[in-house]
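In structure tokens, one chain follows: the form predicted on its own.
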Amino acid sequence: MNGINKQTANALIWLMLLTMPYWMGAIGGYTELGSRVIVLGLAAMALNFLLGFTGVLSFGHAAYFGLGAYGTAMTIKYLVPSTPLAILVGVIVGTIAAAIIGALIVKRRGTYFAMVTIAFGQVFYFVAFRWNEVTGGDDGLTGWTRQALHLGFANIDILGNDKAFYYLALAVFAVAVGIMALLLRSPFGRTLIAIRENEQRARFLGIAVEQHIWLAFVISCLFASLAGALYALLNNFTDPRALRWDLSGNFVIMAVLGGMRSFWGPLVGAAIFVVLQDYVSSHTENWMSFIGMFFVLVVLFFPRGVLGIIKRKVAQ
């Protein structure tokens, strides 16, 4: 029965994602909002690969999200006007940075790990903020746009067509979450869960804990960089706020809000966060206060997140 429920839930999620541009308008949304849900949902799920399934908290994932965004934008503006190549460069830049930094901090745990990730993230933020000639500084990197996709047999205009870009983002999202799901179901994924549950026992069993955490960190940041690349293309713009620590906090909120120990929880949390932000911010500048209160209520009374509430109701 659980297997059937899980398959039904997966099918329902994919059906909603595939049809989102057609029903978002009926609830007061728009296609670009759906694209933001997809992109930030991917970033939250990337963080959750490390937080929810490995048990390691990072408050610096915005650094790799932002590096993916800047790598993509700078490739189009300064190197080659190619959307696929720009995404690839953005992901490579973010992943290389994660591999280097991960090797330096992998032996830290708990608060120390979280604080060190913030520190490294702020280094990238201040570089982007100060290097005006290249990054545009506080004004952001402008003067570039995402390019049409040339597939040989057809050209897809993702600049003037919000639906086309949404389905491009959804295709990338599908590949990314498919890879994540395969990794979590593999022996590697089971080892990460063992480390999360009891690191000391995992070490006694001969598991190379540091190497697994490092690899989980790099994989997590790779997908965060991919989300950042899509975010830059979505906005045709990026600025230092894509690297700032408070964006990392938003990713954590999304993961916890939806349910950080479930696969789809961060996507649900991202959808709630993005829609609430869009709706409440159109009525008041203090929109973060309302999201903060909602987050506190969920953590206090429903520690397994919104998806945990839904699962409990279905089980009853």
Partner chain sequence: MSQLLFFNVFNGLIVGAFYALMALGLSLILNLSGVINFAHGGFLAIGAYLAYTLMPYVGFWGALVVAPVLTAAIGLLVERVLIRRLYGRDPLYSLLLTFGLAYVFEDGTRYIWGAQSLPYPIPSWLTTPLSTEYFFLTGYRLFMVALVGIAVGALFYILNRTRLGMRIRAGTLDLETVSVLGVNVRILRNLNFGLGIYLAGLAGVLAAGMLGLQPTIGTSLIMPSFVAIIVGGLGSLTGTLLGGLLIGVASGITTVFFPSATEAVIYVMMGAVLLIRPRGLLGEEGRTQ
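Under this definition, the rigid core comprises the largest set of C-alpha atoms superposing within 1.5 Å between the forms. In this text, all values refer to a predicted model and were calculated from it rather than measured experimentally. Numbering follows the first chain given and starts at 1.
Beyond what is shown, the protein has a form predicted together with its partner chain; the following relates to that form.
Among residues of the shown chain, R130 is one whose heavy atoms approach its partner chain to within 4.5 Å in the predicted bound form. The closest heavy atom approach of Y112 to its partner chain in the predicted bound form falls within 4.5 Å. Contact check for E197: every heavy atom lies farther than 4.5 Å from its partner chain in the predicted bound form.
Its partner chain is not shown here, but in the predicted bound form it comes within 4.5 Å of a heavy atom of W245. Using a 4.5 angstroms heavy atom cutoff to its partner chain in the predicted bound form, all of K107, V123 and N250 count as contacting.
Distance criterion of 4.5 Å from any heavy atom to its partner chain in the predicted bound form singles out I118 from the list A164, L183, A174, I118. Residues placing heavy atoms within 4.5 Å of its partner chain in the predicted bound form fall in a single listed stretch, namely 280 to 288, out of 264 to 272, 62 to 70, 280 to 288, 36 to 44. The rigid-core alignment places the CA of F302 2 Å or more apart between this form and the one not shown.
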